[in-house]
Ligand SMILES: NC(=O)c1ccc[n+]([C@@H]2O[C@H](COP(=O)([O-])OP(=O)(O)OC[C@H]3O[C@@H](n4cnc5c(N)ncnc54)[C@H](O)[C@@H]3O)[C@@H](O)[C@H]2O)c1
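In structure tokens, one chain follows: the form predicted alone.
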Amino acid sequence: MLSGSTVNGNTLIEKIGSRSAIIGIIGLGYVGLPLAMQVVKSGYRTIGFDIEKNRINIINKIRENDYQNNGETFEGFIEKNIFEVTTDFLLLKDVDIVCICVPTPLDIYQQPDLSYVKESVTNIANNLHSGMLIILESTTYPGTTEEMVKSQLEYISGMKCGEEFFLAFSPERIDPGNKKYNVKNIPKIVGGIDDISTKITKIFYQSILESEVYTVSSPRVAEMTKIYENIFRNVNIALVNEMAILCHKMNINIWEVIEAAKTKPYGFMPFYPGPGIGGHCIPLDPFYLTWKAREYNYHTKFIELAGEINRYMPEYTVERIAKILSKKFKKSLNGAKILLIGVAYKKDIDDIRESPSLEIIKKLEEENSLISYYDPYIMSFTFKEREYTGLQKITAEEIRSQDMVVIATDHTAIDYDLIIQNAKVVFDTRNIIKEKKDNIEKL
């Protein structure tokens, strides 16, 4: 690297065009691994990096018939040495384009924890070379790419962004379990630190995706776009959750209300109530913006109220369970046998991150309820340092032995007819059961 040199980006663009560019993916979780697979399938030699040795070992042992990603397989890429996974970040020196796809959780004070991003950036900076493109995909607050990533890369490497290397933000848009939209056909947002960074990043994503690549004027706009998308959902889910609570008090079926409102061909988008929200994005992302807003002496009251309502839903669900037991059987939560259907945060996936089911279980156990669960995707899990093991299957006898069955996750692979026919009472929080029967209660 020559001090003060200026890189115009043509060399990297040519490498993208010829598929000779080497692509690095840092973080091989639910975002990074599907992205790595798409990059490899597009003809690039790809190196996946992760700090968890166990994850690397698992991926290395997987063969094409054992791993599926939205119906696609590894197709022998590891065996052909087109795809390599490693914990050795020194290999970043060989990479032309690196995508950062690491977690961005909240700390115990509900503040952004960018430690994984910072560690990734440090590893990149220590191996940074002229003409390299760095793309941050991890969800974060507006300003992260320019204020933290850029400054850290420049400080550690001594190189100048825009002159010797390129930098952009392009938020991940992954919806686990979605059969229609996946990494290759969801439109991509790109915001570079400068025009050439934006241009190269767009060309790269166009080379691996079937979707539109939409450019914005800066990383800050791209960062805010991702936060806004999830806050939009968070706020609207909070609204319909509050409507559900009110409709129950007024003896109005919220599900019927939503179906009727959906007939309006303009100005309405349906959202649905539930026992709470889960996953990494919707419960956590709003905190990134509310935290950043304090820097501007602004209190995001509307966003925080939405979060408050949604966090209340597991408690409300338990309150409804208690009232149903009291009304139907004059029975309290103490000693009640309750079967929970589903612990995943959404249907047909094996992800329990921030799942409302976990809070429901915790609150029911605090009331000395006897809890069992069935989830065809999650045979066991750990929560609050305690191990939970689910039923291997649900039988008519098992259902009849319960005081109540609570449908918390509406997995497709559940025999709901078996539940309806044998349960004393079913509390359906997802509106998966359409029949109107005396033993069916709705959220």
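Note that the structure is predicted; figures quoted are calculated from it, not measured. Numbers for residues come from their place in the sequence shown, where the first is 1.
One more form of this protein should be noted, the form predicted together with the ligand, which is absent from this view; the next part is about it.
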Problem - Contact at Gly29, Ser120 and Glu172 by the ligand in the predicted complex, all three, heavy atom at most 4.5 Å - result: yes
Practice task
Could you tell me which one of Val149, Ala168, Val102, Ala344 places a heavy atom within 4.5 Å of the ligand in the predicted complex?
Solution key: Val102
Exercise for the section: May I ask you to choose, among Gly131, Pro176, Pro142, Gly307, the residue with a heavy atom within 4.5 Å of the ligand in the predicted complex? Expected result: Pro176
Problem - Interface segment, criterion being heavy atoms within 4.5 Å of the ligand in the predicted complex, picked from 48-56, 391-399, 409-417, 375-383 - result: 48-56
Handout entry: Contact of Phe329 with the ligand in the predicted complex (heavy atom, 4.5 Å)
Key = no
Problem - 4.5 Å heavy atom contact, His280 and the ligand in the predicted complex - result: yes
Exercise for the section: Give a yes or no for Lys188: in the predicted complex, does one of its heavy atoms lie within 4.5 Å of a heavy atom belonging to the ligand? Expected result: no
Handout entry: Ser138, heavy atom within 4.5 angstroms of the ligand in the predicted complex
Key = yes
